[in-house]
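Only one chain is given next, in structure tokens, and it is the form predicted on its own.
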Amino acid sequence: MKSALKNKILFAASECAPFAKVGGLADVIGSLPKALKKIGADVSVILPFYGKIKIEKEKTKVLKEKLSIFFDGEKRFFNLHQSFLENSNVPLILVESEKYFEGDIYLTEDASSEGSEKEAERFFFFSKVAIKTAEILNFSIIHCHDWHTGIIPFLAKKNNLKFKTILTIHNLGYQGIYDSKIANRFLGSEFQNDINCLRIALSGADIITTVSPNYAKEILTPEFGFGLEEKIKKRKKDLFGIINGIDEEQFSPKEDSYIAQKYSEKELDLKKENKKFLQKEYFKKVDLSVPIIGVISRLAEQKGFDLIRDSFERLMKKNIQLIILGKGMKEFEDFFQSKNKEYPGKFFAKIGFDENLAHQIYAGADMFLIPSHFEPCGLGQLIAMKYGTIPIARAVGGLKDTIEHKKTGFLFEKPESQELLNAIKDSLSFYRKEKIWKKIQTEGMKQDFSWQNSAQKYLEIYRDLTRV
């Protein structure tokens, strides 16, 4: 423990729950540092102070004012504010700059990198500020998350900076690719070709981690490597797959204030009250014999929404109710919204994010659907299992690591709509066997998905990285 306390660790990320959240990245940044703090790590988080972030004034203080970096050919100023992660003493450093952090987090609805000048400007500026902050406040490690902070390891290595860097890949599909002229203008660099933020991060980072053991293997292959597999292979000895966890205090059916009825694995019958609530509120008719399948996700092709769309009419012929919560690609938003009117008693989609409804789906649904084409870790299945809601998922990435077929959930192999339908059919046959179904529910609820074990693995990496 003593060696961990010598190191000051700065998490640099584009999202952090609940302040700025689009996907699972936010949940990780909002919870892993708290687990690390509990086992002795001196950890802080740095985040852009987006215009959309609303924090009560009494919960923030000015940390540093009128700091500057050289960016886009001239001196650019910013302020640092400090708050704390929810229910913790983990410092949250917010970077204030009206010029660079107006409005929402991303420029695209599905959070994909579109390669625009404005996007490059935002995250290059943030990355350079994170480096400056690390220098001013004497951090010994910057833990970078995804492409948004990918230039940090590159700049640290190029300029022989004293701190170490770790890159965690949450989603290799998004890489942050920009024209060299854009990058050179903002950074004062001399790139000859397009800059790929993840590619250069893979070269510069001292250690590379990803968010599940299985995904660490998958990204070494052409199918899941997105063109970077050879680069990653060269760093294989520095690559570690560490499974994500969840905040089990936040996601506990015994304590959840969002749901209609609290319950535990010993009081599983009470879960039905949450199902009744969902059915009454969104399907207008209560019938406990009809299973509810829930989906909470970004509406992106990666998440398998093309499979749900292609099998939708056949799904609606089954004796089920389907509820979807999420936002993302317009084609999926439009499709599912149009189906609300067509199947009012069987289907409901809410476009956007609603914390209340998310918890109600976890508690009230019988099954939780994750048909992803690739899934680095996935948090939805971990939360669903905690609520006794059985996942139906494709056997990829962290889904394969965390779900045991027919023991804690149901897995299917191929990214095909018929495979998805077969898996749902399989689960429905088990649903009708009450004792077996309850056993699967209970087994899932017993799983330890806390951050404790994974946080310890990160702590060991931090120690090894700075051990003299």
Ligand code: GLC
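Note that the structure is predicted; figures quoted are calculated from it, not measured. In this text, residue numbers run from 1 along the sequence as written.
Unshown form predicted together with alpha-D-glucopyranose; subsequent notes refer to it.
Taken together, I141, T165 and T209 are entirely out of contact with alpha-D-glucopyranose in the model of the complex: none brings a heavy atom within 4.5 Å. A single residue from the set N171, Q321, N274, T149 has any heavy atom within 4.5 angstroms of alpha-D-glucopyranose in the model of the complex; that residue is N171. Checked against alpha-D-glucopyranose in the model of the complex, the residues Q360, T133, S127, N244 give one hit for a heavy atom within 4.5 Å, which is N244. The stretch that touches alpha-D-glucopyranose in the model of the complex, counting heavy atoms within 4.5 Å, is 295 to 303, out of 278 to 286, 295 to 303, 339 to 347, 181 to 189. Taking the partner from elsewhere, V28 is found to have a heavy atom lying within 4.5 Å of alpha-D-glucopyranose in the model of the complex. The closest non-hydrogen atom of I308 lies beyond 4.5 Å of alpha-D-glucopyranose in the model of the complex. Although the partner is absent here, G444 sits far enough away that none of its heavy atoms falls within 4.5 Å of alpha-D-glucopyranose in the model of the complex.
Put simply, I392 is far from alpha-D-glucopyranose in the model of the complex: not one heavy atom of it is within 4.5 Å. Shown here without alpha-D-glucopyranose, the chain has E375, P376, C377, G378, L379 in 358 to 385 lying with a heavy atom within 4.5 Å of that partner in the model of the complex.
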